[in-house]
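Here you get one chain, nothing else, as structure tokens; it is the form predicted on its own.
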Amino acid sequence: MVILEPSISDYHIQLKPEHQEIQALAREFARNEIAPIADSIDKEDQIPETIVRKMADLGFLGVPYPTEYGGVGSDYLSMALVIEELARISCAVSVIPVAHTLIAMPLFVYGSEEQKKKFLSPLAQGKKIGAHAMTEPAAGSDVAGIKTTARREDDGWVLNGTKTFCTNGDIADLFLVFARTSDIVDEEKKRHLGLSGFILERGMEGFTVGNPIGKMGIRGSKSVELVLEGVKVPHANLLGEEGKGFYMAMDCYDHGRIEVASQGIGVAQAALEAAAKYATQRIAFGKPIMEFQSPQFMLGEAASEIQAARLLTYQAASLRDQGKEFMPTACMAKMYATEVGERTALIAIKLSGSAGVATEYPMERYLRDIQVTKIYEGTNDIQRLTLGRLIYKEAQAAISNSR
């Protein structure tokens, strides 16, 4: 997608009957299985294993992967629809397939045939859960600043380092761990070189999964610390080309931003519905507060923003499915949808008064849950920076071509 001179071909969203079917399936599952326990998931900070297993049985962990590898064989728009419906009921539950994608998608795109059969198939079938480990105590948005090392030996690699905020780490069987395989760290323009990705399995000697890190939102979805002390990894577990891990990770996050945008839409939709219901039932000055102009204005504007965010997210997924450049649109969708989610949650709290901040109502949970979506898969300011640089580059090219 070109930002300054867009083509109408970039705005083609092809919805098919199977999209309606998978949306209905995800919505029914979320309403029947997750909704009755969504509040307890948050309060107890625990997602029942039965929920994870049912998601796997329904294929929600393998939506965009070919059937030959155990996946559903659908597209990325279908994946976005599933995430939206799950997040509408519990953002925490929706995090599991989102984090799962961050190892399964790189395996599908960059993995060898042997790696796909050994690692992707059980992930796509939901027989194993995956996690992605890039973030370190001193390296978050600065991906190129990671310090975990991988030293080559005759029979494989030896990994040493510490990862943090590894989502799904508490339940994962397979981990995509990024480490530095070269010492190019001082040359500012080359810091992104020399990173490589490795598939690690739970239980490898020297590989320790730490305790969960407490969080204000998406409670139930656990993030943990990983400690690697002389972990021996066979050569066959190197994913993609040695030293090209940075590019693999960026492609991985481009996909992930579509799913995070879907989370934003789901939370926003839930907040809109909760606010509308409360405002319709709440009587003030002798009539439902929804009969006053101000609540109507606020909800009408929120509904418009949600619809815009939804269309932008579906566009990003559709561009990806058509094999077109989708990165700029994914950046826009992630940034916009998650902030729409926050604004709508705040409106829900404002319209609900004291009930909006009471833990017996879901409105305050929506606001807590949406915060992390603005951070992971690249903070929203990183999205702004990326888009700004793309616009600058296009403007330079336009000026150069006009001379």
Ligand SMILES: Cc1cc2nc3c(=O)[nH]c(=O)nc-3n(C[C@H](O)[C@H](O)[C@H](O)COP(=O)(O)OP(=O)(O)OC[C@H]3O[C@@H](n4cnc5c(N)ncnc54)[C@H](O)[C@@H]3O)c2cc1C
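Sequential numbering from 1, following the sequence displayed. Small disclaimer: the values here were computed from a predicted structure and weren't measured.
There is another form of this protein, the form predicted in complex with the named molecule, and it is not shown here; the text below is about that form.
The single contact residue among Leu77, Ala271, Ala333, Ile218, judged by any heavy atom lying within 4.5 Å of the named molecule in the predicted complex, is Ile218. Contact with the named molecule in the predicted complex, judged by any heavy atom within 4.5 Å, is made by just one of Phe207, Tyr314, Tyr278, Phe165: Phe165. Contact with the named molecule in the predicted complex, defined as any heavy atom within 4.5 Å, is confined among 227-235, 136-144, 241-249, 317-325 to 136-144. Although the partner is absent here, Phe29 lies well away from the named molecule in the predicted complex, with no heavy atom inside 4.5 Å. Looking at Val52, you'd find every heavy atom of it more than 4.5 angstroms from the named molecule in the predicted complex.
The named molecule is not shown here, and in the predicted complex it never comes within 4.5 Å of any heavy atom of Gln23. Under a 4.5 angstroms non-hydrogen atom cutoff, the named molecule in the predicted complex has Tyr376 among its neighbouring residues.
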